[in-house]
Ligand SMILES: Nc1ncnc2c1ncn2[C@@H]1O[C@H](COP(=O)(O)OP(=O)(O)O)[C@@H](O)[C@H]1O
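We begin with a single chain expressed as structure tokens, specifically the form predicted on its own.
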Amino acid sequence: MSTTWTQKHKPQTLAEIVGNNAAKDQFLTWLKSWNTGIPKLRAALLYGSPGVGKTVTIETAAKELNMEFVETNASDYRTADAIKKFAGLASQYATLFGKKRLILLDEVDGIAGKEDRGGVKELAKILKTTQSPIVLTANDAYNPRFTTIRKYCLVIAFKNPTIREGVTHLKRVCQKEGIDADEEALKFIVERSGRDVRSAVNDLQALAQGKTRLTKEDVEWLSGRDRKEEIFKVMQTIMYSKDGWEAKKAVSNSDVDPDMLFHWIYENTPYHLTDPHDLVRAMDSLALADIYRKRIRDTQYWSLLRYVIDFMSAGVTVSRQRSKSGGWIPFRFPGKIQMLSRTKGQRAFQTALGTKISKRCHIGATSSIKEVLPYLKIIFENNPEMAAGLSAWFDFDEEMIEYLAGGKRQTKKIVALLD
């Protein structure tokens, strides 16, 4: 499978990152200030729309300054305990080989919702005392929930590059790929991407496939493209193309997230591969893809991603040997994603409860949710006196009590006994 140009031409130095020169200089100056002691502001908050270069700036700066880089997505760490376990420990202890450490909490917008269980408050405490630089990224730094955090951060705005900067970057890519491109064509690509550099490079790769020259006429069709329909085009190619290479190329040239695409393929394969033998072969390929997805999650070896894409694209495509097309069959939105979206808040809440229970009962949070929570719900719904005692022992807040009690009326009884 051909490498995506966004990865192939990923900036290796800060100078190669498109635009935002003042923001990059400000960030680098702050990072270097740690060499002479701990600065007044121990954290930096980089904000701006997706695709403007926030994360790649942080990664590249760490590489240029030879720092140990520790990264996580903040939306995975909503609770105070989880934030403390990851960022708290990393921020206080030295590295094994004496390097300076740079800690990145990416997409902190994810901890600014109803599911946040003290995560923002705990993060503010860590930012006050950290012994290593911590960098946060967000789309909107002025979310009211970030008021406390902002006090401890150097806030740096990242803006979409200008049309000229975007065109200059695409010219460099074209030069490396041996493509003679008209400037008007490149300008059109940048404008249509909304000055999102990542999307512009993906569009360029799709448009220039198999060409050595790119003209304005070659890109005009882009004006009528709706990005929301992209996943349907990829699915159509995977399910009905006769060429496995074509299916892999469709995935390579798309902006579709591989995990999202996996669920789309898994959901729709039984409806489009009607022959049982074809379906077995396709599901075997998807099972192998899922094994590699699990290995990536466990080991963070992202080089394995090519096997995921191979099995779920070409593997499914070549499985179609006997299935016949029975007219138009609509693609269905993945049921698992719908279910996870609906239950996201509830699952986060159960995790917070499980963490409280695990501290007292000395069992894992998952075991707490499965083995203890169901009995607690029965007690809280039927015995306010015992529920009040348990609430005090587990240190449940009123919201947790209401969840277990199943209603406001029972919650008031329990809280009154607590008071």
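Note that residue numbering begins at 1 and tracks the sequence as displayed. Just so it is clear, the model here is predicted, and its values are computed rather than measured.
The same protein also exists as the form predicted in complex with this ligand; that form is not shown, yet it is the one meant from here on.
Checked against this ligand in the model of the complex, the candidates Asn382, Ser33, Thr366, Ser49 yield a single residue with a heavy atom inside 4.5 Å, and that residue is Ser49. With the partner omitted here, the residue from His272, Arg101, Arg320, Arg198 that has a non-hydrogen atom within 4.5 angstroms of this ligand in the model of the complex is Arg198. In plain terms, the part of the chain that comes close to this ligand in the model of the complex, with a heavy atom within 4.5 Å, is 50-58 out of 388-396, 50-58, 352-360, 366-374. None of the heavy atoms of Arg281 is located within 4.5 Å of this ligand in the model of the complex. Mapping the unseen interface onto this chain, Pro11 counts among the residues with a heavy atom inside 4.5 Å of this ligand in the model of the complex. For Pro161, a non-hydrogen atom is located within 4.5 Å of this ligand in the model of the complex, even though that partner is not displayed. Put simply, His169 is close to this ligand in the model of the complex: some heavy atom of it is within 4.5 Å.
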